[in-house]
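One chain comes next, on its own, written out as structure tokens in the form predicted alone.
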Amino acid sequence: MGRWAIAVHGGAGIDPNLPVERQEEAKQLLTRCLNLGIAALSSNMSAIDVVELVVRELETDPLFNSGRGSALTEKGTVEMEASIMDGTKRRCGAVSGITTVKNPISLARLVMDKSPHSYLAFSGAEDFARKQGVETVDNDYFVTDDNVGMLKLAKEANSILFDYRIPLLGCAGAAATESPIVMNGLPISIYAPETVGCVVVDREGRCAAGTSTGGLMNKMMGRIGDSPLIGAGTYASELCGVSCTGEGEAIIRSTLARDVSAVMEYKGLALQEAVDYVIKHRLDEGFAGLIAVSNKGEVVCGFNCNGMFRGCATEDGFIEVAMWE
């Protein structure tokens, strides 16, 4: 029997001027999710089940950008995406373009467990959800007043907002108007995404990971980020489980989550060394962060911007909830 460990995140890139009350709300949600996972792991729930359980909790709370409270597309609707992976046999499931499923992470789990495929999107994923009898709601359920207001700001600025609630500062702390970040060669105004994720290793040494998001505020219809892409935003193997957050296009180019496992396997690096290596050498000029666990019960968080909403805990009693470096 090994030791369990768990980590959760609510996005990389934080406005240094984020109001104290918002910081406290984020810490409270991360703490609640950690405690939920700790209780489940203490009762010997499997890693994959704990990942789904915790991400569902994050999707249900509108604070972060997933499930209810997701970012809005250019047309004012919500298109969500999620993925989940069981490292034991590297089984995985992913969904994109979700508009009515209350908890996309659970639909991704059903794709993994109940379909012959690994990835379903848009109308096909919605049809599969109805056949599986999952809980669905009107798209308006996911839309909040904050989102509507930030979409209006994004349209007035003719830009994409990463963190649709924080329209002032970039990830590196510079004013967006002075130092715009470039995505695929095009400038964007804001860098502070709030994708959610969870990674777990249970007492049997089984690793799992899951990631869920609403994407970018004012994004083009049909845009797919890193979160549902196995190997980019999510990856789990017999060695580790990884969930990423940040500039999706940079994470996709670098296959960031898979690279953590790869350098552990091929270079023989320990988890901390592997996370440090990929954050330093694989992101080019992109900004991102990740959480990871190993089959030895280790837990690591890494990022190359000014902060990441995160929390982690291990069976030996260590627990931490943090935002800044």
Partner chain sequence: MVGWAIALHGGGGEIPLDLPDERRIPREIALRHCLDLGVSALKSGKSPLDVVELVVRELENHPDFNAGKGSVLTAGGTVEMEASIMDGKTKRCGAVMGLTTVVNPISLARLVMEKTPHINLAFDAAEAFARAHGVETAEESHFITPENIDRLKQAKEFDRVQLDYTMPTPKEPESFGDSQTGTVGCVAVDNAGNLAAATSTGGFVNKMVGRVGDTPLIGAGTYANQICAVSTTGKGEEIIRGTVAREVAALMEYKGLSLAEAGAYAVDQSGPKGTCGLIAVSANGEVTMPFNSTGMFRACATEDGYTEIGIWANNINQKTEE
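Residue numbers count along the first chain shown, from 1. Just so we're clear, the structure is a prediction, and the values are computed from it rather than from any experiment.
Here the subject shifts to the form predicted in complex with its partner chain, a form of this protein not shown in this document.
Only one of 101-109, 201-209, 120-128, 135-143 lies within 4.5 Å of its partner chain in the model of the complex by heavy atoms, and it is 120-128. Annotated contacts: Lys27, Phe64 and Glu320 are all free of its partner chain in the model of the complex [non-hydrogen atom within 4.5 angstroms]. Of the residues given (Ile279, Met45, Ile38, Ala262), Ala262 alone sits with a heavy atom within 4.5 Å of its partner chain in the model of the complex.
Remark: Met85 counts among the residues lining its partner chain in the model of the complex, judged by a heavy atom distance of 4.5 Å or less. Its partner chain is not drawn, but in the model of the complex it has no heavy atom within 4.5 Å of Gly149.
Contact check for Arg32: every heavy atom lies farther than 4.5 Å from its partner chain in the model of the complex.
Not displayed here, its partner chain is kept clear of Thr73 by more than 4.5 Å at the level of heavy atoms in the model of the complex. Contact residues in stretch 194-224 (any heavy atom within 4.5 Å of its partner chain, taken in the model of the complex) are Leu216, Met220, Met221, Gly222, Arg223, Ile224.
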